[in-house]
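This document contains two forms of one protein chain, each encoded as structure tokens and listed individually as structure 1 and structure 2.
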Structure 1
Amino acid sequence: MAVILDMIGSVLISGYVILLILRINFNMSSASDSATTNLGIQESLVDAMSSVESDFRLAGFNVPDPKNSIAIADSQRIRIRVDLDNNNTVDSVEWYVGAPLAKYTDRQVRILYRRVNNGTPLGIAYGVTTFKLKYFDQDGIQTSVLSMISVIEVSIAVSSTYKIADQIDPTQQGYASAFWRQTRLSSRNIKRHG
């Protein structure tokens, strides 16, 4: 009888150890997935902001009249004029977000596009949930007058397109996200009064 009890006890303990190992494995894979997704989101955001900043800082380069450096400026779209390849031909660079992507569970995700001249738009960042622009004159006063814009504030938020397990509580799920705001983005090529 003691042998049977010992066998039942060892089976129960073995089962508990196996369940414990499976739980640890699940937690480790969830943490790895979360870390990888978070890193990817942050890298995507940094790449997008680097591209946006690079173009905005060039606004007005080789443009005959710097007051015409910005052609369109609204809260989610901007078109700037710049000589991108330094060939004395003024190019237009447009930044905007597309429509929400219906194929993902997070219905707010969109693609941030960059279009040069009237070419095909190039998707720069996927999973963009926020792309907001504010415009200021050289005195720091918000303006919508194109010829007065001297400083641009850019806000971009990027989110994962699928839910991941929370790193602290793996039973909870949510979207990984990252946010960046550049508050004083200006071009040295655009000189205003004085």
Structure 2
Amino acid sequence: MAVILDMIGSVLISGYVILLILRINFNMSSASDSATTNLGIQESLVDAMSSVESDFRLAGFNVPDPKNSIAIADSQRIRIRVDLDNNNTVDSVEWYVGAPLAKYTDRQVRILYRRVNNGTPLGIAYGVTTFKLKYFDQDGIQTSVLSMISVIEVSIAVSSTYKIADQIDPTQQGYASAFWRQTRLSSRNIKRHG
């Protein structure tokens, strides 16, 4: 009888421990998934903004007339002129977001593209939910006149393409996201005399 009780007790305890392990494993997986996803979008955002900063800071480099450094300046698209490889040939670099991806119906998820000299666009960041550009003249007044653009404000938000558990309350789910805004991005080459 005592053996049977021991066995029943051991089964109950081991069952409880197994349930505990499964619960811990679930929580750990959720937390790990959440952390990994957050890390992924952070890295994606850092890579994207580093490329954006690099290109924009160089705008107008080796362009004979700096007034022509920016060829297109829309709220979600910009084309700059720059001698990218310092070979005295002026290149064009275009940044823009593509159309919303069809498979994400609940919100607008896009790809941020970079295109050099009308070549094949290269996707720089996936899961872009915001890519906004604002342009200001040297007095800080918003402008759409290409030759008067002196400062560019860039906002990028990148989000995960699937929901993850909230790191504080695992019962809640949402998208991981990261946001970056550079409010005073300017190029010396645009501001030089000519």
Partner chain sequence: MGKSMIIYVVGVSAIVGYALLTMGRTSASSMDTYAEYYSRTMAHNLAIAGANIGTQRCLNDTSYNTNTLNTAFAGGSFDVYVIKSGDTTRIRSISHLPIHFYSFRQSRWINEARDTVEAVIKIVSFSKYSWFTDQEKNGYVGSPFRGGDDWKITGDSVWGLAHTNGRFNLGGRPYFHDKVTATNSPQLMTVGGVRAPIYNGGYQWGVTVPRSAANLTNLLTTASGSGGLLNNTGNDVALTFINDGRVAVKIPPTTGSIRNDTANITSLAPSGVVAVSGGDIRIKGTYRGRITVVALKGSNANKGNVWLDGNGIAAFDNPRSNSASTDMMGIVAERNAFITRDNSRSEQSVFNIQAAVYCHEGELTAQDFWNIGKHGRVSLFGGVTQKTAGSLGTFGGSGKLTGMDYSIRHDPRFLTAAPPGYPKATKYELVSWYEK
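Predicted, not measured: the structure shown is a model, and the values here were computed from it. Sequence positions of structure 1, starting at 1, serve as the residue numbers. Think of the rigid core as the biggest set of C-alphas that the two forms share within 1.5 Å after superposition.
Working note: structure 2 is the copy from the form predicted together with its partner chain; the remaining copy is not. The Cα position of Y16 differs by 2 Å or more between structure 1 and structure 2 after fitting on the rigid core. Here the rigid core is superposed, and M7 then shows its C-alpha moved by 5.8 angstrom between structure 1 and structure 2.
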